[in-house]
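Encoded as structure tokens, the following chain is the form predicted on its own, with no partner shown.
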Amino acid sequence: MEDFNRTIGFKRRILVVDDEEINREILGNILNETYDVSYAEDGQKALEMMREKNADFSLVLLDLLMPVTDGFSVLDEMQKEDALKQIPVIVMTSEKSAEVKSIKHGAYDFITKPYDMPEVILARCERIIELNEDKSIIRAAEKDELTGLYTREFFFEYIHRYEHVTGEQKMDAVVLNIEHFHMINEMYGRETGDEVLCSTASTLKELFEKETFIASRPDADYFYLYMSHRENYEGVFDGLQEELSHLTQLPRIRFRIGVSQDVDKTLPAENRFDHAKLACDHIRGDYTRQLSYYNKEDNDRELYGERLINDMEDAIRNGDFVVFYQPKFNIQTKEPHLRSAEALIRWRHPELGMVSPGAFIPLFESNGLIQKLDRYVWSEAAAQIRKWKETYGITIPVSVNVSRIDIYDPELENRLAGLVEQNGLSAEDLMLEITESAYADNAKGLIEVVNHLRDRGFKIEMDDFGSGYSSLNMLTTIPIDVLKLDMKFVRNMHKDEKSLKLVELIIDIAKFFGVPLVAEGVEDEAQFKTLKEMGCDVIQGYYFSKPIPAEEFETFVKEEKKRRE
């Protein structure tokens, strides 16, 4: 602060209050070179000057024995007004007995009369002003100006200090968020938004005034509470919303609350509230729940998911994603024979080992990264078809997934056609699997895309048929080339009569539409025989082979080559 004032040439203002002119002159001569000095001959005049607009005194030098209003009365009046009690006071006295009384009335320090040591007076003035300015800066940074709650940095510092005193006391971290707060600002104005924030802060203080707690507003519409542990928070905050609606006259204000109970004190305070905020954000947009508890398993899952997202680009670049192939066998012949394959992605993570597709595929589908992964699989599969064709002289068609995100890519058709052309293949060698979720999203758009792809020669497979409500409707509107029976029907068909009948019905539907049916998830002899007798055309599953790397799949390619020869 001293460097700042020196740099800009700023002189602090000091008020000297003494009824004796000679004393005012002596102090003025000592201070004038360093400070902007003003004078008052009695306490009443001093109070009037301090109350003036833009008075901005950095220090008051106050005599105790004066007419009209004495020094003790001035100190008492200053303590009654927020603006005045922030101004430090040095009492000027020759009476040692007055020092203790002055301290009790709010004085900072003393200068003894007579004023025979100018350098001491200057040093004391400078020190008191510096300490008070530092205190003012800390005070300003300590509290949120709007709500009066602690700012983020001081909140965590006070937690740290509090725990030195409380020791092993169990504590909870609570994060509260006002849902869609920006809409309050937009609809009712920022002034109303500020009123909501202030009312929230004051209501929280009242709600927990009898408990041990520290509160902060670290961000615009978030509130952090560090409070004594309780086993259940159900109903604890119910009164908050009603009180706020009453105070602000707004329609019902909705909160989300995340709680991390009995926090791990070996973690930094910031991390404990990260956990509570994770729980709070977990129910964003979920109007069936207002309260959520932090769960370490959920947190670990989130961290794992973030790790996979962050590592995805490197995995593609480094070839950590590997395309496996699962054979599809035609079973409506004397001996089953290889008809085609499905490309299935696997992730050999250099640190995490084999990552399950069930872990990363839904994750990438939710954030759009699946499109990059799909393109990688298409490219690898097309290159593999070409390699088998060049090595063995036969073409094994491969099915690849086309996600609902891919479907609406305006470059999809050209991208697929380019891959086929680059690898010297025909369009029907790269079969495209779609699911009904894309149909549910945009039926008209999907129909248009599928028609364009089929016009270019691509074969369309409808994957997981029967798993959703729109499957039958899709068949009447979208031209497809292959139906794939959802594996749950196959898995259950020998467990209950209904599943068996449904499999039979779907096979009949495929025959009615004149397209082959592929049954997924076939694992045993009984399933194989039943499907063959029902007239199912093609099966894939562990009965013949699990998904395997391309080099292992070549065994099936060689056998198919011999059969054809």
Partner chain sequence: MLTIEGLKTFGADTENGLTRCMNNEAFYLKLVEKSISDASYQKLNEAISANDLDAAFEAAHALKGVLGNLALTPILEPVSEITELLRARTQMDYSPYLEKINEKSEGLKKLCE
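For clarity, every value in this text was computed on a predicted model and none was experimentally measured. Numbering follows the first chain given and starts at 1. Whichever C-alpha set is largest while still superposing within 1.5 Å between the two forms counts as the rigid core.
Here the subject shifts to the form predicted in complex with its partner chain, a form of this protein not shown in this document.
Trainee: Name the stretch, out of 41-49, 497-505, 24-32, 530-538, where some heavy atom lies within 4.5 Å of its partner chain in the predicted complex.
Mentor: Answer to the contact question: 24-32.
Trainee: Would E95 count as a contact of its partner chain in the predicted complex, using a 4.5 angstroms cut-off between non-hydrogen atoms?
Mentor: Contact check for E95: yes, within 4.5 Å of its partner chain in the predicted complex.
Trainee: With a cut-off of 4.5 Å between heavy atoms, is I394 one of the residues that contacts its partner chain in the predicted complex?
Mentor: Contact with its partner chain, no.
Trainee: Give a yes/no on whether L267 approaches its partner chain to within 4.5 Å in the predicted complex, heavy atoms considered.
Mentor: No - in the predicted complex, heavy atoms of L267 and its partner chain never come within 4.5 Å of each other.
Trainee: Looking in the predicted complex, any heavy atom of P114 within 4.5 Å of its partner chain?
Mentor: It does: once its partner chain is placed as it appears in the predicted complex, P114 has a heavy atom within 4.5 Å of it.
Trainee: Please pick, from G457, G445, P118, G148, the one residue with any non-hydrogen atom lying within 4.5 angstroms of its partner chain in the predicted complex.
Mentor: The option sitting close enough to the partner is P118.
Trainee: Heavy atom within 4.5 Å of its partner chain in the predicted complex: which residues of 51-83 qualify?
Mentor: Heavy-atom contacts within 4.5 Å come from L65, P67.
Trainee: C-alpha of E504: shift of 2 angstroms or more between the shown form and the other one, rigid core aligned?
Mentor: No, E504 moves less than 2 Å.
Trainee: Aligning on the core only, does the CA of M117 end up 2 angstroms or more away between the shown form and the other one?
Mentor: The answer is yes, as the C-alpha of M117 shifts between the shown form and the other one by 2 Å or more after core alignment.
Trainee: Answer yes if the Cα of D537 shifts by 2 angstroms or more between the shown form and the other one on a rigid-core superposition, and no otherwise.
Mentor: The answer is no; the displacement is under 2 Å.
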